[in-house]
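Here we start with a single chain on its own, the form predicted on its own, put down as structure tokens.
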Amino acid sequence: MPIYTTPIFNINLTRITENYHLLARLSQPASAAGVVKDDAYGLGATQISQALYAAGCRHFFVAHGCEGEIVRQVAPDAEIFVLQGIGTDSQQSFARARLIPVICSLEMLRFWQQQPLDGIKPAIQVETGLNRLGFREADLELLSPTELQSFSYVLSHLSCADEQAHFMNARQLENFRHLKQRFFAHTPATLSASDGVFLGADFHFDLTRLGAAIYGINTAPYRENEMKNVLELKAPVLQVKPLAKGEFVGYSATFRAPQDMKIAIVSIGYGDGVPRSLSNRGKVIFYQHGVAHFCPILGRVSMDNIICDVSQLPQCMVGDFGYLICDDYTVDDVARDAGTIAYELISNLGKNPRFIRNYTA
């Protein structure tokens, strides 16, 4: 009988590109960029950028210059924008990879002006209501006409686009239009990330920034998710054994068996990025005869293991795989049960070096 001990993380590149194409069609006539910051949300910037580039993507967004260098290796002629901008610590990355900084403050603009890169026109971020990075109107009034015309794009970011009827969407759109008309009438513009695409053409402008949704996350929860699930996370069963009525499970003894049960110990835990908040709340899915069986997690999630109830699965045995993420239990489902968001979940899972990681078509 084979014995397995290591979790397996499968990432479907075909589905990622299909999600990209769907969103790109919704964005037309605007162009569609791929957002691959944080190592493509933890899923592998090299592999995913390469797949998106092969699918026709020619604009990418990353957070830091070092990330842009990785993308440049597989996207030789793409425009690569760096959302955190440029600083002393990242100048060499920008020079080596011909990256485009997104300028977010007067101080950063002055830094750029003192040591620009030939042939690179930076983008500028403006503040429209999120109150994070960006120039406010009073800051823009300090810039000369020549400075205002020196940018390749004007960018802002929506704060509540995942709620279609939220008043902030209309407010930010109005603010963005005002700032664009007053200061950047002839400069291409980008306002929407994945969630903004679903708000309609008024929000698309010249370029949309496609991130979370291409990785299967439902960024518009007020509507049925059109994105395909791209992830499969499974881990092997190390042991199956009976649990007598009245016995306790896991650290701190937070679960006590109400009757005789059967439990499976699965080789994955919070050290692999599984949220500890799934303790006594999450599920592991086992497939038998093509049927998905949802088995509750019992007790605390520990660093390397979780324990689940397989009382209804007489054939469950060592070597079987339980699924933590799959088509029947997506990242949105897991995040809901963990009390977090899918963005955080996949970013944390993706940073785990212990997984066997496979890229599938």
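Just count from 1 along the sequence shown to find any residue number. The structure displayed is predicted, hence computed values, not measured ones.
Unshown form predicted together with another copy of the chain; subsequent notes refer to it.
On the criterion of a non-hydrogen atom at 4.5 angstroms or closer, are 19, 54 and 189 all touching another copy of the chain in the predicted complex? The answer is no; none of 19, 54 and 189 reaches another copy of the chain.
When another copy of the chain is placed as it is in the predicted complex, which of 281 to 289, 116 to 124, 158 to 166, 220 to 228 ends up with heavy atoms within 4.5 Å of it? Among the candidates, contact is made by 158 to 166.
Just to be sure I understand the contacts: of 143, 201, 170, 265, which is the one whose heavy atoms reach within 4.5 angstroms of another copy of the chain in the predicted complex? After the contact test, the surviving option is 265.
Within 4.5 Å of another copy of the chain in the predicted complex, heavy atoms considered, which of 249, 75, 179, 97? So the residue touching another copy of the chain in the predicted complex, by this definition, is 249.
Find out whether any non-hydrogen atom of residue 63 is located within 4.5 angstroms of another copy of the chain in the predicted complex, and reply yes or no. Yes, residue 63 sits close enough to another copy of the chain in the predicted complex that at least one of its heavy atoms falls within 4.5 Å.
Hey, in the predicted complex, is residue 243 touching another copy of the chain, heavy atoms inside 4.5 Å? Flag for residue 243 set to yes.
Can residue 105 be called a contact residue for another copy of the chain in the predicted complex at 4.5 Å between heavy atoms? Yes, residue 105 sits close enough to another copy of the chain in the predicted complex that at least one of its heavy atoms falls within 4.5 Å.
So in the predicted complex, does any heavy atom of residue 318 sit within 4.5 Å of another copy of the chain? Residue 318: contacts another copy of the chain in the predicted complex.
Heavy atoms within 4.5 Å of another copy of the chain in the predicted complex is the criterion; list the residues of 291 to 329 that meet it. The stretch 291 to 329, when checked against another copy of the chain in the predicted complex, contributes 302, 303, 304, 305, 307, 318 at the 4.5 Å heavy-atom cut-off.
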